[in-house]
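Okay, so we've got a single protein chain in two different forms coming up as structure tokens, structure 1 first and structure 2 after it.
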Structure 1
């Protein structure tokens, strides 16, 4: 691992002065902010987070039980870095890029303190095929060659972003480990398939682009009403049991991102166990192979050291940026940022900093913004186009969206998918409240939808949102006097919005057909419900009773059509049946 390399390049030793949980005060070292140090006799990894005169404050990524003042502190002179190269995909890491599978093989189910393991397999040989030749000019980010990392993903080996422009002196094809030299530059720089990057430093790019292309998720309520752009930011806040994790897993499986980075940040062990056992079993609907072939999992459960939880989101976003630089669209799922904020709160209290609202540090908003702003669709240093879309789950205590983490997140992200416990209790999934949610990307994405799906889709989206808003206003009256007391036209509106809720907004994540709805299918479902409304109002004008209008069989047939393998055929049958039913209706 990168840490094993830095241990050989120590620049000094000190001793422990004071210990407070994961926060250790050291004296006698001369480290910079965010440098990695090794603490105590067991060499526990930590990171410098504050410097006060001759005292250095370190947050330790492991349990500090039994560590005493006077034990040694060894500085490395380098920040926390991750190894970037072939072998990241299919891996399961902890918050500081230690592969959990390797640790389990060494120690069993419980990780021993002070243990280190490289983030990548340094013994495995990869088949490298160069795409540049001797004499070619290269610069930071230039793609040197390719490695078939998994059956579905080609890993593009790049010149490190901190290298200098030069020319290729020599480069060779063949099977190499990530430590072997695959070529050299005229300035003497040796090229390898792996390089290291500090997790807290955003990777550079040529240009940040406007969010003009949607991330297609196949979820009707998301694509249809509240779309997110590639390179965009979204938050999924919701109370316990409202479906945050299932929603994120569905997005990981079905969105048209090419790479998935899933960060389980401080989640309960049983939830993370489900993710770790289910993800390797999931099939990639695009290729038929395992979904893990294009996934990196970072697991940091709630019983793991709190400091490593704080580092896990930076580890994940750095890996996501690395694949973005290759020209891939990456979706990053952070579940949940509330646990990350709680880790910051605990460390802040150990540092005896002035607390902000509800005990969170005053810099909570700045830290959240720093994380989310690393999302974006960019032109990479190599001239390709890639994106990192960040979707963060928020777990507000008691489902209170007014608490600091949710409120600060909402000021930063552009898409808000508000999960509702009452909808979940009614078995309405995804339990996203359509009245509280919003997307600020709609205007910038309208041109794409108009060009690729049709202007009708945008018109139907606006109509559906307006109808759902009308329903919310009518429900207050219904609660008082009942729906039968409403005018006939408003009773039809309630029936139309019930169809929108039950046929369009509800979606079965576990049904093989309904779990993913292409945009064309979403358009047809909206078109059918809109046609029902038009025919209903025409029937009303002819004097047909509301009860007769509400009894048409084609309504239920449309709901069943969602689950048909041949949806287009079922849709045509439903539409012709609907036209025929309304045609033969007679006035009372």
Structure 2
């Protein structure tokens, strides 16, 4: 069965000429660029990446130790594809869409090699309900019917994007496997619940739309100060241990995307296991079902073959586009794009290509751009609206953003969440630097925020950003003279910005309540801090000493309200307490 899916159209045969790590040179075949071939006695899967005279160069997705020159190379005549159909959700794949669960069954606890495993379960029957009928005109991308893929997600079966416009000749309801024919078109095309798509080719859409709806993340610093749009692109660069993975996992958990594709690209095994154990237990705030029901995981950890790591981001984004085409909002996390770039660098250096900056191939910038370009909010071929938001972690060597991967990424993405080791060391999380980060979507999202949260939110955001800027300037002075020598007014400003930092910006991803803050709560916290400022300034004007103002208890109470199940109630208590405290304050 596995063979049938992955080994169709076998054609020419050749032999291995040379093996150098993941790069194998073959002779005597005539495959096209990016075609899949199987190399060696164990038939390891690989992809053609260069053709030189009579030599064909192949990157191999599995370990090549023990492979010898002279062993066979078999062509398949097809490019690297993914299987798209019901059963993707809740799966965990390696970089070339082999289900890790199946690999474990076949290989045991360790990943060995030479095992083929199709991406989808070909034996399982799904209950298909057509939404078109005989005689209906269909286009590429038209939705033919539905399958309840998981308790929370309806899978919409589509005419493959590379089919021709036609009419439905017949279509059946009932239980089918993904290989069984569920209907035919007038031109004879057989319809199935699964189709394949080459990972390196973007799936087509009707048109790209302006990103004007925010992806609500429940993270105060992100929604409040640096929002990303649905269909937008964001990068999180930061040194090791600064919070890239935690941020990405938190976004996967709480942001209001309907589908999450999470790519662990050249990172830690334990982190993937963590997602695997945590997601089935966590409840999605919208549907109440386990988060895993709307998630696809791709795990090609740092010690798994680099060529498959290179492929993993394409596998991931193709799956994301597929759900977008059904009309879903998809968010894709890639952790880390630097490891992907390094995989390209390693392959490129084995090819002895002319290196660009820091040994990366000259096409690095182009590859990054092509990848992020696959994000977007679109009108789909079937006229629905869907989006793919891409959030990429970047791991700059030495934490220095002045390096090719970070720099080339920043040229493309619209949102920059700059992680800061200094903040992380202070356990200020998320350690996103509020002075360096930016979102170029802010203006196009303002309307949405004004309409759905209120103009007040936008005003408070501007006020908070302004205060934080001022703080940075004041800190320079404090470093020289100490804070006690500042004028009272400025001491109050520092107190306010301390609250902004500690109560608004800091957010504990591991606290069951604080990990997700709805917009309403974000607004209230800002409002409270602003109120503190107003009351403080009034008190100053009355002649109350700064010290008295600074010792207001409601400040720390506000911080603690964030952890309360019933935030609104705690908030009311804090606010009336604050009013009271200021009221009784007396002039010196």
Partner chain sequence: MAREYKTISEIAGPLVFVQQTEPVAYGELVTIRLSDGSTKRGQVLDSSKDLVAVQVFEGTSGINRDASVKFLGETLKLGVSKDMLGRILSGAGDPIDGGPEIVPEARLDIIGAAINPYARDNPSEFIQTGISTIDGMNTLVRGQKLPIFSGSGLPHNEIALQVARQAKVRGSGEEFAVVFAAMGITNEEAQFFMRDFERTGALQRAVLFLNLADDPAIERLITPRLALTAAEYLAYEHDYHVLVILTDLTNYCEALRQIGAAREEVPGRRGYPGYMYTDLAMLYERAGKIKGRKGSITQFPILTMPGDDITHPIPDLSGYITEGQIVVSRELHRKGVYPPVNVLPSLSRLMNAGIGVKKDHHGNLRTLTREDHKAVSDQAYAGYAEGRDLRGLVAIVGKEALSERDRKFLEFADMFEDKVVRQGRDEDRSIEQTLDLLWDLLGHLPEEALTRLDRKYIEKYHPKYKAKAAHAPAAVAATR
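Positions refer to the first chain, counted from 1. Note that the structure is predicted; figures quoted are calculated from it, not measured. In this text, rigid core is short for the largest set of C-alphas that superpose within 1.5 Å between two forms.
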* To do: Choose between structure 1 and structure 2: indicate the form predicted on its own.
  => 1
* Does the C-alpha of residue 287 move 2 Å or more between structure 1 and structure 2 once the rigid core is lined up? -> yes
* What's the distance in angstrom the Cα of residue 581 travels between structure 1 and structure 2, core superposed? -> 2.6
